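Next comes just one chain, in structure tokens: the form predicted alone.
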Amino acid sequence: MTAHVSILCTGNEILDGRIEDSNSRYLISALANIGVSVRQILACRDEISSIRDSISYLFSDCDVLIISGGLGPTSDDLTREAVAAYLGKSLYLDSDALHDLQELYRRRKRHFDGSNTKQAQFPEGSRILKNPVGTAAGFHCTSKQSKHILVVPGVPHEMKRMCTEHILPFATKHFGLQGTPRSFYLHVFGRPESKVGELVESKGVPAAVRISYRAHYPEIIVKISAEGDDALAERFTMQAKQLIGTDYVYSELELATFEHSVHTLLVERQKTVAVAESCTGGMVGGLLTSNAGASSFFLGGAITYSNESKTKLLGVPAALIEKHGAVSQEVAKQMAESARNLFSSDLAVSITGIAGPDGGSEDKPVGTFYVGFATRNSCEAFHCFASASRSMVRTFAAYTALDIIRRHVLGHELRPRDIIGVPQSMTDAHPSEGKA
């Protein structure tokens, strides 16, 4: 059977921009991993007529519909009523579901009032989908045309649990899936999406191979699979890695994160790190300590946002700042070396830059930053640039600092000539020369 489903997310808060629709993205990925493609995604308001009309529209191109949201106890939670209206059925109160709901409130020492009873109501003929982590149970029902509707809560952590326990098992059984193509992943930092795509496909792509690229700033994630031929997909992935440049690929694990990959490297190589940050305001330290066990390698950091703090805390000479500016190769080097000495670490990185939106000049435009890097035997600084918003400049700078650590530990060139973030004026010079 052709494996197609559609997704409907309800909620005024999605359409007025208060929240992003992360549920659809999660469901698409989870379904794709078992070989099921999503035909359409739709968001609609918390109105019975809007939900009902959306169901009718989506069922024109699929026979399985997943609905997320609108199962709470308040007046704007109307999904159960809308589904019942679409099916031409009434709602009924399920006594077992009501008992379970009351017991949950009792265990959590919460008051159960009359409005909560609504969460135990379902369209006639429904199969109840228990919610192990929340109060709103979902349900599964079938239309007269044998089309399936699976309704789950909109709260993301509840939806994810119910996807695992109910949606994926149903999809596997309904579509008769016996096995799905294996997907391979390349997580890339240091090359733009267009360049990654150009390199991956530079030697041609076999007809059976499927490639998708996802820009998850500031990295690119490449997903590769081949229908009925996992060995081909694996070979093509290895070729793609070589074409991109192995030093640009930080992980081949599906759920890898940049900070966790660096964390793992530092633990394995038994290297300690300290940081000194200005424009990033602690982001590098935050990334390095985001996973449990960071105390084994992270010794500390200094956030020296002002010139005075650079001098008082890190001993950067005021005369050096006056001569070269706080955003300079010289100051970045001094910050890194001072941080390494202050915390007695094996390695240290520093960042000083102009994140914007103001403060730039012709010589040092907004987006300019320097990353200092110190070891026990050397200290250097790299002139970098990101033409982006303030938040994106800060994020890119923090990732660049982690990338320099990663490259050093693995023995790669720290800042290759063609890596993103090298200023145009640097194209004919080695990045470590630090020319503005």
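None of these values were measured; they are calculated from a predicted model. Between two forms, the rigid core is defined as the largest C-alpha subset superposing within 1.5 Å. The numbering used is simple: start at 1 and walk along the sequence shown.
Unshown form predicted in complex with another copy of the chain; subsequent notes refer to it.
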| query | finding |
| --- | --- |
| Stretch from 277-285, 315-323, 85-93, 163-171 whose residues place a heavy atom within 4.5 Å of another copy of the chain in the model of the complex | 277-285 |
| Contact residue in the model of the complex, from V262, V249, A233, A136 (heavy atom within 4.5 Å of another copy of the chain) | A136 |
| Selected contact from D76, E124, E103, E268, since only one has a non-hydrogen atom within 4.5 angstroms of another copy of the chain in the model of the complex | D76 |
| Touches another copy of the chain in the model of the complex: C62 (any heavy atom, 4.5 Å) | no |
| S295: touches another copy of the chain in the model of the complex, heavy atom cutoff 4.5 angstroms | yes |
| Contact test in the model of the complex: S202 vs another copy of the chain, heavy atoms, 4.5 Å | no |
| L71, heavy atom within 4.5 angstroms of another copy of the chain in the model of the complex | yes |
| Residues in 149-164 with any heavy atom within 4.5 Å of another copy of the chain in the model of the complex | P153, G154, V155, P156, H157, E158 |
| Rigid core superposition, I405 Cα moves 2 angstroms or more between the shown form and the other one | no |
| Per-residue C-alpha change between the shown form and the other one, L104, threshold 2 Å, rigid core fit | yes |
| Large Cα move at S56 between the shown form and the other one, threshold 2 Å, rigid core | yes |
| Distance trend in the model of the complex - C-alpha atoms of A292 and P132, change of 3 Å or more | closer |
